[in-house]
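You are given structure tokens for the same protein chain in two forms, set apart as structure 1 and structure 2.
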Structure 1
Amino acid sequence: MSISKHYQPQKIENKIYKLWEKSGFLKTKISKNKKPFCIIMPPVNANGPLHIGHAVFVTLEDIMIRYQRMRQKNVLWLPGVDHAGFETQVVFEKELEKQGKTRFQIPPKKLYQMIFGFTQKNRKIVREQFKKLGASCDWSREKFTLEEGIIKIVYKTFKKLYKDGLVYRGKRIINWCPRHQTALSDLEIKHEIKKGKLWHIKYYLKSQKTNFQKQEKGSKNYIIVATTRPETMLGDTGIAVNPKDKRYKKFVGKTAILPLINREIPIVASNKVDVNFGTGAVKVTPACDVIDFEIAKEHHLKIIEIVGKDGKMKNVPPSYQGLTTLACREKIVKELQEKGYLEKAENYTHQISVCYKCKTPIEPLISEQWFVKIKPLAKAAMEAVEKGKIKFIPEYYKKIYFHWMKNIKDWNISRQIVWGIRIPIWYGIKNGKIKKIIVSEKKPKLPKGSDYLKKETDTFDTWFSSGQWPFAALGFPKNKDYKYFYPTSVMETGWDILFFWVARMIMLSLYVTGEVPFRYVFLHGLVRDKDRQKMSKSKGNVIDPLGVVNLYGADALRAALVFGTGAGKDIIISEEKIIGQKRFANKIWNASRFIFQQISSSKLKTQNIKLQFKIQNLTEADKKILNGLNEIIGSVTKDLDDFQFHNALQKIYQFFWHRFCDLYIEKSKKQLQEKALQEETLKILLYVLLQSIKLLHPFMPFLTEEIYQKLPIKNKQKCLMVESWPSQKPKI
């Protein structure tokens, strides 16, 4: 048995993965005698190559899966691929841009097919990359969010929501990205601090000048409003002040004249107005602002849509028509100034909403969209967590979850993009107006009283379908997998999608199945470099997981990602840290090599060593290492049960390197010289090695499997992967 002096993962890892595939152990067979343990893999966005974040979740989930598999549970780790609607379309649009095209030039059907091809190509690549990381998932069960079966389930859910009155079509102010030309949910917008101006504009009163001045001596015949977006004044249909504001009491009920275009607008009172901000008087532009929209509803003000979906002015006098909002702003400010309407312009720093993808300022627009009435779903989702049916790791995320759930608002689930699941709606149209709404996947019969049917072209927010992933992927409601594995055991994902995904899964799964989707939510942090910087292509500090695997091996990468990183904390990774773990792998390799060499040069030379030894024959050193081993078997097992992966790995590292190698192996060199002790010592070396690689297997599966395959012991399983987890024995 000659093995190389240094551990060379490149020579081993691919071979070992093939061994696992061939063994058939990756395929889950339901067995009623075992307890189920199931993780649904967060479906990967099929829109680009693997990044370090994927390596994190593959590592953590594979640790849990391998551990539970060795605990002899019936494990299922179900991989999936997400069409990732908007995200993927954005990536694809960038590709198109490179070719000098935009998506608006391509017919929707064609575009859909092009993106479909794009994702399927990526999907294959991702699968091979996950294998390189050692993911021991069941590839035969891999699911895609645009599969027929999945779409069917999503449609069923939508239908149920519609029937229960929990989904509705509404005309509302929504977040509109003028660049991507789609609505976005509240979660898909970010806030940016921007330096701007607060313009103070005089709105003169219409009221009979003379009379008014007689009544209120010395008072002005205009009201000053403050705004950061003067161009929206073209859509003003009112002015609002706080009813408690003494300064303006006399103005309420009067009429003002909109500067430049001389529209008459009423002055109304609303407690939505903050007395202390600006001048305390607000211009009301219902079509461009959420509060204004609400004030308009309260007071039945007119709504004039002045910004189009392309971000340009519409329904305005010809001189402004078609200008971008910014160009229009300049023009308006100039004219106000020239005509003396502009009181002043203050420098003002404020937050604006931007598209989370392209950072284009969001245009709040009035639009017809589909919303989920979310409060009832949120209520049930909070109760489930309150009752402990779902536990968060780390626990404090529970508080964040509750805080968000309590303040949740209706969820806009319609997107004006082609890449996604079409909302299964048909409209019966009469005289150009919607007469009837029919929920149906296929074209229904023309309803009575309608002239023709119109198909809804909007697609679902991608999170609407991925929010149903746990039960959809398992084949709700009839599939055996669903019946056996649902509710699943653990949902492991990044905290950054707690609201986007985890919360929605809990709400939708409870609503559809009546059960929680998973028992535990394990949240990992963001990967950062050694200077705590976020990894990004533009910063040039990205660590390419596959490059690392090629250089140092998947085991080293996996161990480095776990070492010193608690749940929920950001993961700091550097090449040095990975090299450190590569050294550990080498240490394990060489310890094994030493033991194998000792065996082949001893009289014990066989492939079938029985690992039994008599306690009375043991030396103090033997007992010490065996007791030490026992101790860490206990504590590592507990750590793994408690999701303390970093602690578990650190303990094994410490034990193997410093107690086993530095102390016991050194001692064994002397013991091996003594004939009476030789056989027992060899057995103990082998035994501790075997138990150690079992403990290490979830973390470093390739290396440990390779050593296991070489172990000259009796009663071996086909793979270490399915060996039984060590149990703690009484102290000797």
Structure 2
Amino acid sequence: MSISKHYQPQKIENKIYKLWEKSGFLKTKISKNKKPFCIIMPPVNANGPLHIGHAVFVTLEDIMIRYQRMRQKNVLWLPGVDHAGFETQVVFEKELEKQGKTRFQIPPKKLYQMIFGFTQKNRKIVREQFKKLGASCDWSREKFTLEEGIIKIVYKTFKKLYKDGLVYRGKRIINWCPRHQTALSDLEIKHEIKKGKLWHIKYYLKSQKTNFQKQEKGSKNYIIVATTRPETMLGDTGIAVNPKDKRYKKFVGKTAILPLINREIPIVASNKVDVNFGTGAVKVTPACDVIDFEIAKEHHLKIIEIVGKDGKMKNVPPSYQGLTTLACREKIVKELQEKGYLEKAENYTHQISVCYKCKTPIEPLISEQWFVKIKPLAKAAMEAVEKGKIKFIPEYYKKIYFHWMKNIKDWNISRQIVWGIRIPIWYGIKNGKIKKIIVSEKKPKLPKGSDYLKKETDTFDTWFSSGQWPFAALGFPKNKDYKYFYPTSVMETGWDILFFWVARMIMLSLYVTGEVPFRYVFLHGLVRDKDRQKMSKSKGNVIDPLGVVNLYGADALRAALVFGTGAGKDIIISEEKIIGQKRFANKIWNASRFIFQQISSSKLKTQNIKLQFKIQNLTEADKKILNGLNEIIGSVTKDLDDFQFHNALQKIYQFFWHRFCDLYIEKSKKQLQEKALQEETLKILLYVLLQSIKLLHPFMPFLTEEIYQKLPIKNKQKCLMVESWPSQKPKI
């Protein structure tokens, strides 16, 4: 029962985690006599060490798991690692750059194997880091999104979507990164504010009486178009104005002449035109802009692809062919000015899209890609939330979810990268053209009328496979884990991926299994520093969670991440806040040490003490602390049931530090001097300590487990993690 003078987490945390692993309590054994509680861990990317954001979700999910385990439910926290497609390939490319290599120098199969080895090394590192944070996962069930079983389920889903007519191959505007040479999802682009120019260009109208060359000189018969990208005018096939804009009613239906190129283009009316942008008249370049593409479809305008996947000009006059878009812009602007087409150029601040990894400006390109018709899936996903089958915490995210789902567009699921799950498509080719499309993970027979088979080289968007994570990780449809734990209890993740991951999980899970993937969605905020600044390497305010653990212990970090932060709110973290929770850990340790010392110096047996006391022998101080404990048990239990983890921890903190330590322990020192009160006082001290560390265990598992192992009480469990959660007693 001896306890060291100072609390040193570095000496106990590894030892305690080994105790948990050795006990076997981390492994889930299905028991039909218990209610299930399951969290499928958001799979972490297998391309680097954990960061502070990972520490947040580990803490929150482990709180839920430990609490429900102590409520005697059959819990499963299934850990997982994501191959993370594009992001992992980019990280690996950086490793290659250090060696003076690029991925284009390595054969695809070899590159895949190299990245696979890279992820498996990181996977082991991440697993050990999770343990340092106290994650009480069932490691025997750990999954990787490129496991054979997961891939088979992903393929079955794709086949079902294709059979049901919900997957198609088509040409549409997509986000294209010229540097990484792949399509990107909306999540994989960032928006930056850029200072640039808004060029006002004269487009002369075609005249029936005079030819264009005569009309051009001195004529006022023109429409002025404003644009931030004059180089794309080479692909203009129309001009659009809003039908409600009175300024341009007389122009609709007429024909304009494209400057420099002399191509005839129609002037059309579309509600998609913003009357407040520029002059209210916009050029329509269908191959370079999503809205322009939609206007072109609406009015059957021609589509000319003028920017290649390398970011250089194509299908344009020889003088522009092969130029980068920026070089072409300079040339176009100069020529417009020289020939009198440029009305003016004004300073303009606008938003541009860039690749979230390399910051290269995104080129909106028309490309042949694989798409999912998402609206039919979204309808069922909205109904599930409307009927309360899935609840959001905080609830206000429900409105945001509905807003996005109602405005959802078809989903581009193909990526031009090596690393990932290959789309299971084969093309029967005849005379160089696709004659037959076959869905098959293995090479099929050559279809009749085809000269040869061509394999699809594109891989799935990571979100397509991770969108199936809840049922795929549990082994849909026959695995006993799936049958027992699905639908899962809670999906906990950051609010910033509500649309891109959570919504997709709901849609795909309902489509494949017919059931919702989880009952609750708990969303946490972003991690910010004490000045509420977003953490970034460039700002120098990043906190390394493992470095903090080495300095102050995992419990201090976990408590600091929860303390004072409600669901959905940004998490404010600083070294001072972590040190504050380390002081709390020291307080718990010192209070425990005091109690153990008093027991050792008393006549009580130092082992197997029965925590029973006679009510008639209790002092007013005894009654007050016991009643206070009962109140806090009820209040904390309700907070944890309601996912109000910050409130729960703050209440325990206040109770233990002030009501127990500052008040009762101080009063107990006098009571311990009286023989008639000594035994009851010691038992009450021990009882309140036991119940307190039970309440604290989900938040500070290492410290509380270490104290529990030293408690001299009867009927103790092998580990605190499987003790029963405290229950309220009648008021004394």
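Structure 1 provides the reference sequence; residues are numbered from 1 along it. Since this is a predicted model, take the numbers as computed values, not measurements. Think of the rigid core as the biggest set of C-alphas that the two forms share within 1.5 Å after superposition.
The form predicted alone appears here as structure 2. Two rigid parts of the chain rotate against each other between the two structures, and of Leu323, Gly475, Ser367, Trp589 the one at the hinge is Ser367. When the larger rigid part is held fixed by C-alpha fitting, the smaller one turns through 9 degrees between the two structures.
The shift recorded for the CA atom of Gly253 between the two structures is 6.0 Å, with superposition on the rigid core. Once the rigid core is matched between the two structures, the CA atom of Lys283 is found 3.7 Å away.
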